[in-house]
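Shown below, as structure tokens, is a lone chain in the form predicted alone; questions about how it binds or moves come after it.
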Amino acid sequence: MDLNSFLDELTQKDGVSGYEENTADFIAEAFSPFVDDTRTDNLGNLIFLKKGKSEHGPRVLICAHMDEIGLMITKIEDKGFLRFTSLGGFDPRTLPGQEVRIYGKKIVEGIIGFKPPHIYNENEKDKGVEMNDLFIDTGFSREVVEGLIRPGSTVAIKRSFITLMHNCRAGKALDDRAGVAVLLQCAKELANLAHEAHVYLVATVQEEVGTRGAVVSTYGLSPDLGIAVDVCHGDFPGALDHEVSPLGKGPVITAGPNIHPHMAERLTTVAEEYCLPYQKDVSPGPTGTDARAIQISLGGIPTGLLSVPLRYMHTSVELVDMQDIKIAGRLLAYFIMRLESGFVEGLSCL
């Protein structure tokens, strides 16, 4: 399966934080031809092992989260309207008019409604959209809705995967299904490369609600080093240049206190040696990724962060460039191919 088809199908699999099962099944099938072992841990992290040729080779964790932001039903009101809260960081301004799938006794489709501006009163005209102003309309009566849905039912945004110009694709959940695609590209590249390291490619759960999957998988695998693969803000009108990264110019290598300096340096060196385009970014505090969990697990894990530029983060029309994904996968594979025990041992000395 090529990366475009993989992402198309993957973004149509609903897997909000804590409820990633359908997503995991599809990912496992896609990765199976390229890995030596597949398993799932107690939290739901999907763990693939690509064995190295050395029995005592370094243990490398590379992870990308497979969960997506979503919603959860909180109340059923008169006439069947559903109130909800967010699972992860939805901006309420992006929600009115969205189509959704509600996971009750069966999947129920609905739309997110909002009071139209034609009937605003004077106090509402300058008011921003808040979650409490929104509701889901399924078209069913309250009696029917109560037979299908209950408070606690999860809700996923329904959105097609869109092909745009210049290798661009848009859709929901590309944060961080684009990262999972990077892992798949890495696995494909490693199938043709010799490497000493034992590589654990992990599709983590519950990143959007607190990097929980990365905590559990790092403790469970006890790697010598780890790399988180996620998305960062792509360029768009009105953004400051130092806050965004252009699409189509390669993946982004992050530096900062959350990142081991030798890891960022080695990723940069490998990219330059293999003439792979890359970009740089700095993060002065904990990154909003699985990297922050990997770094402070166990006795401390040397950690890197590689990101795919993405526009319109945490909306249903997140946009990426497929070339950035492919290059990121190759960079990781070449990094692993070049990994030797001496480098790993040197990570403990700054």
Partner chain sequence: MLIEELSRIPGVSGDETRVRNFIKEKLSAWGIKNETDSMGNLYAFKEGGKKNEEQGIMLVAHMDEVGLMVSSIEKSGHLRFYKVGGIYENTLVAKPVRIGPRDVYGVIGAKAIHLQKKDERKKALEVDKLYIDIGAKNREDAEKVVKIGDYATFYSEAVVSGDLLKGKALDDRAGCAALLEILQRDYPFSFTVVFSVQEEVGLRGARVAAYRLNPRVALVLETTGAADLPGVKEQDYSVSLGLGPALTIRDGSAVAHPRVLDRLISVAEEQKRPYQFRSFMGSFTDAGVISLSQSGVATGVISTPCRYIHSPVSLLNMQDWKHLVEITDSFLRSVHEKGLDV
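Numbering follows the first chain given and starts at 1. For clarity, every value in this text was computed on a predicted model and none was experimentally measured.
What comes next is about the form predicted together with the partner chain, which is not displayed.
Point to revise | Candidate spot 98, 118 and 312, all three touching the partner chain in the predicted bound form (heavy atom, 4.5 Å) | key: Checked in the predicted bound form: all three residues contact the partner chain.
**Study point:** Which of 73-81, 260-268, 222-230, 176-184 lines the interface with the partner chain in the predicted bound form (heavy atom within 4.5 Å)
**Key:** Flagged stretch: 73-81.
Exercise for review: Heavy atom within 4.5 Å of the partner chain in the predicted bound form: which of 322, 319, 30, 35 fits that? Just give me the one.
Suggested key: Residue within 4.5 Å of the partner: 319.
**Study point:** The unique member of 142, 93, 280, 105 whose heavy atoms fall within 4.5 Å of the partner chain in the predicted bound form
**Key:** Result of the distance check: 93.
Check your understanding: Does at least one non-hydrogen atom of residue 255 fall within 4.5 angstroms of the partner chain in the predicted bound form?
Key -> Looking in the predicted bound form, residue contacts with the partner chain do not include residue 255, since no heavy atom lies within 4.5 Å.
**Study point:** is_contact(residue 129, the partner chain) in the predicted bound form, heavy atom dist at most 4.5 Å
**Key:** Residue 129: yes, in contact with the partner chain in the predicted bound form.
Review point. Do residue 148 and the partner chain share at least one heavy atom pair within 4.5 Å in the predicted bound form?
Key: Answer no; every heavy atom of residue 148 is more than 4.5 Å from the partner chain in the predicted bound form.
Point to revise | Proximity of residue 246 to the partner chain in the predicted bound form, heavy atoms at 4.5 Å | key: No, residue 246 is distant from the partner.
Exercise for review: Sequence order please: the residues of 165-194 with a heavy atom within 4.5 Å of the partner chain in the predicted bound form.
Suggested key: Stretch hits, in order: 165, 166, 168, 170.
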